[in-house]
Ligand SMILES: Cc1cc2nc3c(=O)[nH]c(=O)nc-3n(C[C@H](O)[C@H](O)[C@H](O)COP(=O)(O)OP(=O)(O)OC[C@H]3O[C@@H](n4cnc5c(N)ncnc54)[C@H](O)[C@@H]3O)c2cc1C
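This document opens with one chain alone, in C-alpha cells, the form predicted alone.
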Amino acid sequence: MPVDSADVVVIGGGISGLSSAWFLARAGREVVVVDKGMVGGEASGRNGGMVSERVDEPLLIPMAVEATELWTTLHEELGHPTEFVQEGRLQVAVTEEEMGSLFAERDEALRHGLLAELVDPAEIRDMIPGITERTLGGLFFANGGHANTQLTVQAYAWALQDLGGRLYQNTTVTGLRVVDDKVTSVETTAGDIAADVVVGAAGPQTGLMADLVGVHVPVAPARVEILATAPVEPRFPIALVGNGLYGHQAVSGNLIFGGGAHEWTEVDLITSPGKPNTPLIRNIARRLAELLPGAADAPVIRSWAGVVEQAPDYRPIIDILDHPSNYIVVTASAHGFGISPATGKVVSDLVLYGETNIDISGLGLNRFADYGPDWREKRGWTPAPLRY
C-alpha cells in the first residue's frame, strides 16, 4: 500500500519544484514534494540570486517579464522573507566586443518594450562605487533585481507547508509506476506515493526521471560555483553583470558572485557528484578583483559548488509528455532562480487547465526530437576529471 497520496507529486525540491508546488497548493491542490536531499540543497540555494528581464534569450522574455512582476509581491504572498531588492540590473562591457553585444541587447529590449538604457562610464561609477575604470559602457535594466537564494528557497518551502503541502526530504525516487498511460505512483525509499499528476523538476536528475517512463529528455549536469566575501561597506543595491561574472551585494554587505564556464559532470538517481571547489573559484575571485578593485582586499569567507542541468540550447524545458499523459517535465537549464515565480505559475496552469497564457511555445520538448542518447558526446559535453 502507498505510504501517502496527493493530487500532485513534485519530484525535486529546488526552486522550480518548490515554486510549482506552492502555486498548486495555493490553487487548492494537495501537493507532496520529494527530494533526495534537503530542499534547496543544490544550486537553487547556491547561485547569484539574479532577477531580470533577460533579452539575450528572446524566447525567455515572456517568462522573465512575468517573473519580474511576480517578484515584487512574492515575499508578501509567501508570508516569508526573500530579501528581494528591485533596484535594477547593470550589465557592463570591458571590451569593444562586449559593447557591441550591449547595443544588440538594447535594441532587442526596445523591440519588446522593456526598460533598458545605455549608460556611460561616469554613470557606471556613480552606480557602482569602486568599479574598474576599464568599463566602456553599460546597459541598465530598471526592472532587474536580486534576492537571497537560501531565504527564498526556504520561503517557498515554509509557504507550501503553511498551505498543507508535505515535504519528503532525504528521500530518493527509485521508480515511477505507469498504468494505462498514466503515472499512478512515485516509488521512493520511503515507500510509494500515489499521484494523479507528477511534475518532474529534478534538476540534474531530470533526464534520469524521464528515463524511468521511457522518455528521452536531453539535459547535461554541470557543476557551477559561487563565492561570498566578507561584508564590505555598502556599495551598490544593483544586480551586476560583467567581466564574465554575475552577482550582487547582499543586504548583509557580502559580495555574492559566480561565473565562468560550467564543468560537465555526471549524476545518478541516488547521489550527486562530489562538489569540491575547483579552479573555477580562483578564476571567479580574480575576475571579481578586476571588476571591483575597490573591494579586492575583501576576504572570501565561503564558496559553494552546486550542480545544474543544461539543455542543448541552454533554454528551459516545460512540457506535458504525450506518454505518460500526466507527467510534466520542468527543467530551467540554469535559469531557475530568476524565473521561478513564472515557472510555478506556468506549471500550475498546465496542471489545472492543460495550458497557460504565458508564452512557452519555444520551450517544448519536441524541439529536441532529433537528439539521440549520444548528443552529449557529439557536442563534446563530456565530464571532466573530479579535482579535489
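Residues carry their position along the shown sequence, with the first being 1. Just so it is clear, the structure is predicted and the values come from calculations on it, not from any experiment.
FYI, the form predicted in complex with the ligand isn't displayed, but the following is about it.
Undergrad: Which pick from 264, 84, 236, 246 sits with a heavy atom within 4.5 Å of the ligand in the predicted bound form?
TA: Answer to the contact question: 246.
Undergrad: Given that the ligand is left out here, which of 91, 205, 229, 135 has a heavy atom within 4.5 Å of it in the predicted bound form?
TA: Flagged contact: 205.
Undergrad: Report yes if all three of 24, 155 and 341 come within 4.5 Å of the ligand in the predicted bound form by some heavy atom, otherwise no.
TA: The answer is no; none of 24, 155 and 341 reaches the ligand.
Undergrad: Could you confirm whether residue 201 comes within 4.5 Å of the ligand in the predicted bound form, counting heavy atoms only?
TA: The answer is yes: residue 201 has a heavy atom within 4.5 Å of the ligand.
Undergrad: Residue 48: heavy atom within 4.5 Å of the ligand in the predicted bound form?
TA: Heavy-atom contact with the ligand at 4.5 Å: present for residue 48.
Undergrad: Find out whether any non-hydrogen atom of residue 9 is located within 4.5 angstroms of the ligand in the predicted bound form, and reply yes or no.
TA: No, no contact at 4.5 Å.
Undergrad: Is residue 34 close to the ligand in the predicted bound form, meaning a heavy atom pair under 4.5 Å apart or at it?
TA: Result yes; residue 34 sits at the interface with the ligand in the predicted bound form.
Undergrad: Among the candidate stretches 285-293, 74-82, 92-100, 166-174, which one is within 4.5 Å of the ligand in the predicted bound form when only heavy atoms are counted?
TA: Looking at the partner contacts, the answer comes out as 166-174.
Undergrad: Which residues, if any, of 149-168 lie within 4.5 Å of the ligand in the predicted bound form when only heavy atoms count?
TA: Contacting residues: none.
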